[in-house]
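Next up is one chain by itself, shown in structure tokens, the form predicted on its own.
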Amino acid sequence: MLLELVGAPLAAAAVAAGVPSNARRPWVLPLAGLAHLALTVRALTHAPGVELGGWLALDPLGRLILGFISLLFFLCSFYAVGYLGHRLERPNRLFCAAFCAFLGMMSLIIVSHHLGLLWVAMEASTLTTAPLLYFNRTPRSLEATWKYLLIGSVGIALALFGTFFLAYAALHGGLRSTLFFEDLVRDATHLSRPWLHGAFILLFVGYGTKMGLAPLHTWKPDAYGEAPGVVGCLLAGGLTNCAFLAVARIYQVVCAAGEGPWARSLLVPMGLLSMATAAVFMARQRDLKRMLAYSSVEHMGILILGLGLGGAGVYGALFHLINNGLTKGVLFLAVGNIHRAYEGKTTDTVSGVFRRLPLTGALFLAGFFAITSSPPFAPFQSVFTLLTAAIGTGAYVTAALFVLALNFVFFGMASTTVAALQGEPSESARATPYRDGWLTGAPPLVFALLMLALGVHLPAELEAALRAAAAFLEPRP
């Protein structure tokens, strides 16, 4: 059952590569998304056991993220059909094949319960996303793709060293060398502490690079800025969440070894640093996509901060993972529409979005308020949970810095957002053929409705899944 979650998207990638028609090929994407969503529902309801001798398993953390990733891809796949319909002048065979393969690699990351397999899946996800970043085939997109690959390669190399360190921590502790997460958590108290500490730092830096945490975030503004909006959505709501899952799994091992307080002392300042860096670079940012890239840097910092707070903070971080993904779905797809209509993405050329694209403008405004943690949207709930967790543990300075960074981000994003939405569109923008349509308008609308619904009411099933995943991440030694 779990192997099907990986195999079905890869089979869809092969089908997409074989479809001869440039116009019909994109429809493979929603079919692949629907099939994966059906397989995900079956896996979540039937609780599959371990597969391939323990290499694949679906634990509470994996269940939570798998469900969200499958829904994210399903909605993005419909948008991709509409987007590619406006780009028929460009061949999309490689784009469609890589789009489906990317889902397969994200699924493999989620169900991998061997640290080596997780590393391979993370590297494969990097390779499958490179053609998506280079879809526009401009000098800037080529530069962004190379920067993404090079910086990602440094991060994945550090993660490989961390993997070796963790294996040696078991050997040095007198255990049989293993990279299965269940074995590492079970025998965590016997792991060599110096080697375990070194492994955690290397793995955190390595997979933190994939998340885009500051100061390892430098690939993000270029990659998000030059990629199609739907690709930015999958990166910000999909790949970064998978990288966070990898960090969370290493954190679980450290907590099982009784070294949770030591790990949290590193996570909290790194989370605050990422938020502060995003706040600085977001001020007077004129490029809408780069603004969203720095917003992603901020929210990856929020996730790491929540993990570092522990207890209720872990619950808040997992809730925020979902909320941030939904909100990025609204914003990146809306910016994709703006880019098509204005043939630009900076406030030098973009103005009067409310008049030029009424639906997209309304969604972008809602997404702005949501991503800056304004009520009644879901991110407000998760951010408030994190703030409460910080105050509850006596981390008053952390709570104050957290609120301060949120305020700076709000005002930084507000100036760019207002400049784009207000005013009159230029004559050249009015003359472009793009208009709001159901394929490019419905997916961000659904994302917006979901983030509003979760802000008003959290379903009992989702709350139970969040609590189970949070408890799973902090085992007692």
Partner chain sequence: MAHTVNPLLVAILLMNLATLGASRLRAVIDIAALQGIVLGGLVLLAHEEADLRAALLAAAVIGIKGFVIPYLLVRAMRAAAIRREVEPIVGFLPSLLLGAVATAGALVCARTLPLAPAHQGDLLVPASIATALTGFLVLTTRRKAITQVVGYLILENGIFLLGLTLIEAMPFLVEMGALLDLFVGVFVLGIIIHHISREFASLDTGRLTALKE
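Quick caveat, the model's predicted, so the values are computed rather than measured. Residue numbers count along the first chain shown, from 1.
Another form, the form predicted together with its partner chain, is not on view; read the next lines as being about it.
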| Option touching its partner chain, based on a heavy atom within 4.5 Å in the predicted bound form, out of 92, 346, 192, 277 | 192
| message | Using a 4.5 Å heavy atom cut-off, which residue among 249, 264, 339, 172 comes into contact with its partner chain in the predicted bound form? | response | 172
| Where, among 362-370, 317-325, 154-162, 303-311, do residues come within 4.5 Å of its partner chain in the predicted bound form by heavy atom distance? | 154-162
| Do residue 273 and its partner chain share at least one heavy atom pair within 4.5 Å in the predicted bound form? | no
| said: I'd like to know if residue 354 sits close to its partner chain in the predicted bound form, meaning any non-hydrogen atom pair within 4.5 angstroms. | reply: no
| Proximity of residue 179 to its partner chain in the predicted bound form, heavy atoms at 4.5 Å | yes
| field | Distance check, residue 139 to its partner chain in the predicted bound form, heavy atom within 4.5 Å | value | yes
| message | Within 4.5 Å of its partner chain in the predicted bound form, counting any non-hydrogen atom, which residues from 137-153 show up? | response | 137, 139, 140, 142, 143, 144, 145, 146, 147, 149, 150, 153
